[in-house]
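Take a look at this single chain in C-alpha cells; it is the form predicted alone.
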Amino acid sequence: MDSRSSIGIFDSGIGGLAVVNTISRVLEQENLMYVADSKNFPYGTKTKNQIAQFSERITRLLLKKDVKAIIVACNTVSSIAMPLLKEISYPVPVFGMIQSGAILAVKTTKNKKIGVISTPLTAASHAYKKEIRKLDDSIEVFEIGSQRMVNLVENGNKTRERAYELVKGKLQSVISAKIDTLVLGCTHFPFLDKVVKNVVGKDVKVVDPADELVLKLGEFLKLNNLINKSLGINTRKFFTTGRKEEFLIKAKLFLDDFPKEVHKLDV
C-alpha cells in the first residue's frame, strides 16, 4: 500500500457523502474515491444475499484501484457483510459503521438507554444492539427503522416541515423510552441532523458513527505510516452505477465540496 493511494468509500446512494464530508474535514490531505451504487438503491429493502453480492462487487472494484483502506459508508452493509468484505480485501482494512457507532454511543450515554434509528433491515438484524451489548450488557437498546426517512434524503428533499413530521412520528417510541443517546444508524440521517435534534430535544445526545470511524481510520493510517504527505492537491473521485446527472444534482446539495465530474460504473 502506498500513502498516496486513495481511501475507498461506498454506499447504496448519496448517504455516504456525509462520511465523505467528515473524512474531508478531519483528514483533509487524503485522496478519496467514492462509489454510489445508485442503480441498486435502496439496500435497506434488499435480501442479505443481494447486499452481499452488491458490496462484494464494489469492494473488488476498489481493490483493483489500489485503495489503502475501504470505508463501508452503509450501516446495512456493515450489519450484514463485514466478515466477507474483510476476508476478500485483506490486507487492505475495511472499516464499517456499526462498531464505530456502538463505541461512540457507549461513550456518550449516562443513563444506559440508547436509541438507534436506521434502515428497516439494519434494525431487524439487531446489529447495533448486539455490538453495544458486547461493550456493556447492562445498556438498553431501542432500535427502529425507517425507509421513508432514507428516501427523503436520497430524493434530495430538504423541505423542513415534511421532514419534521416524518421524523417526529418515527422517533416517538424511543423518546418515550427515556433514551439519553440516539445513534444515527444510517449514513443518510446526518443530513437530517438538525431536524432530529429539534425532535428529540437538548437532553438527548445525537451521535454520528462517522465521528468515531474517522478517528479509527486516522489511527490506522498513522500507525502504518500511510498518512498522505504529498504536497500535491488531493483528489476526490466520484462514481455512480446510476445516472451521473442525478448524482451531481444531489452532490451539490449534500457535499461540502461537490464534484464537477462523476464517472459511470457498470458493475
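In this text the structure is predicted, and so the values were computed from the model without any measurement. We number the residues from 1 along the sequence you see.
Keep in mind that the form predicted together with a small molecule is not shown, yet the notes after this line are about it.
The small molecule isn't shown here, but in the model of the complex which of A105, I179, V150, I71 has a heavy atom within 4.5 Å of it? If I apply the 4.5 Å criterion carefully, the residue I get is V150.
I'd like to know if F239 sits close to the small molecule in the model of the complex, meaning any non-hydrogen atom pair within 4.5 angstroms. Looking in the model of the complex, residue contacts with the small molecule do not include F239, since no heavy atom lies within 4.5 Å.
Please tell me whether any heavy atom belonging to F54 falls inside 4.5 Å of a heavy atom of the small molecule, as the geometry stands in the model of the complex. It does not: once the small molecule is placed as it appears in the model of the complex, F54 has no heavy atom within 4.5 Å of it.
Only one of 107 to 115, 72 to 80, 170 to 178, 134 to 142 gets a heavy atom within 4.5 Å of the small molecule in the model of the complex; which is it? Result of the contact check: 72 to 80.
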